[in-house]
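Below, in structure tokens: the form predicted on its own, a single chain.
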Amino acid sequence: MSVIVFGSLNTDLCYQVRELPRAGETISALNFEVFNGGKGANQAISSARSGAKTAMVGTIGRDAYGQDHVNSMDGEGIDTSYIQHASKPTGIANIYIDQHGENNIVLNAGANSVTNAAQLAKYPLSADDICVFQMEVNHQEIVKAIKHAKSKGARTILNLAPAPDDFVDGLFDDIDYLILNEGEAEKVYTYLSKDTSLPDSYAQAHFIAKHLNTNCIVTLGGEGVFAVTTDQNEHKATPLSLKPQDIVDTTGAGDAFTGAFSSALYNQYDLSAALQFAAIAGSLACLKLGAQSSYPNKDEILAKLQDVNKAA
């Protein structure tokens, strides 16, 4: 039994600047840091760190950035044997952040653009496995990979991020858990219902769960998370109560949630418990700089979970 993450690996080149550069302008950075990222890689790290046997399926270039991803994942005990090498460079995100927290991002998908379902087909999937997908690789290949996973009886999780402007046919056909933020839920609801007079998030989730016959999970940031199951039952979980001055960086908190949720299912938590476990992981990820560097381990999550249960 494993969590298998099919998705992207990017290297984030982060520049802190006083003001974002204007056209034709050259400026000096206040600071520069390099982080491993990509929604797929983030979720794999979160899954492994929070207690699941995890494998990563994706593509890197034959460069130092790609090798650093492999080294990092190997260090977390993640199975990297299903990561292929491509002639294209490892995906790169150039991120410019000004003193007000505003940012510009230039993304080159690079090797992510050739990730394909045939890679997942090499993995010996079984009905005990959990397959996790996001939207940073070719969307047609995502559909094929989801269908393959379901044909083997695996449970499927789709985190619809970043949400596309158009949905490819069949994307939602074989999904057991659909994880959305509020904006993504609006997009899916509008796409399915053709109704532009949006009801609240709960009504949207009930509609999505019923229409797609899936468990719809909607994250609400600092307000927590709720799920509507295929039989229309609701489950809710609350995040940690964080003071604004304690929040360092919310980057990657959604990936921390998805990875930890997958890990909780792997560890046979019921839906309510899995949501609460993942909500705590997402909260803890906001207390440190970066995405993967901020992700808590299982013991840290359980310790905070115990505090929440005592306070309830």
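Since this is a predicted model, take the numbers as computed values, not measurements. We number the residues from 1 along the sequence you see.
Unshown form predicted together with alpha-D-ribofuranose (RIB); subsequent notes refer to it.
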* **in the model of the complex, Thr251 touching alpha-D-ribofuranose (RIB) (heavy atom, 4.5 Å)** => yes
* Asked: Is Ala86 one of the residues lying within 4.5 Å of alpha-D-ribofuranose (RIB) in the model of the complex, judged by heavy atom distances?
  -> no
* Should Ala127 be classed as touching alpha-D-ribofuranose (RIB) in the model of the complex when contacts are defined as heavy atoms within 4.5 Å? -> no
* To do: Please run the contact check for Ile301 against alpha-D-ribofuranose (RIB) in the model of the complex: heavy atoms, 4.5 angstroms, yes or no?
  => no
* Does every residue of Asn10, Ile95 and Ala291 put a non-hydrogen atom within 4.5 angstroms of alpha-D-ribofuranose (RIB) in the model of the complex? -> yes
* Counting only heavy atoms and a 4.5 Å cutoff, which of 52-60, 275-283, 38-46, 258-266 contacts alpha-D-ribofuranose (RIB) in the model of the complex? -> 38-46
* Within 4.5 Å of alpha-D-ribofuranose (RIB) in the model of the complex, heavy atoms considered, which of Ala163, Leu192, Leu220, Leu107? -> Leu107
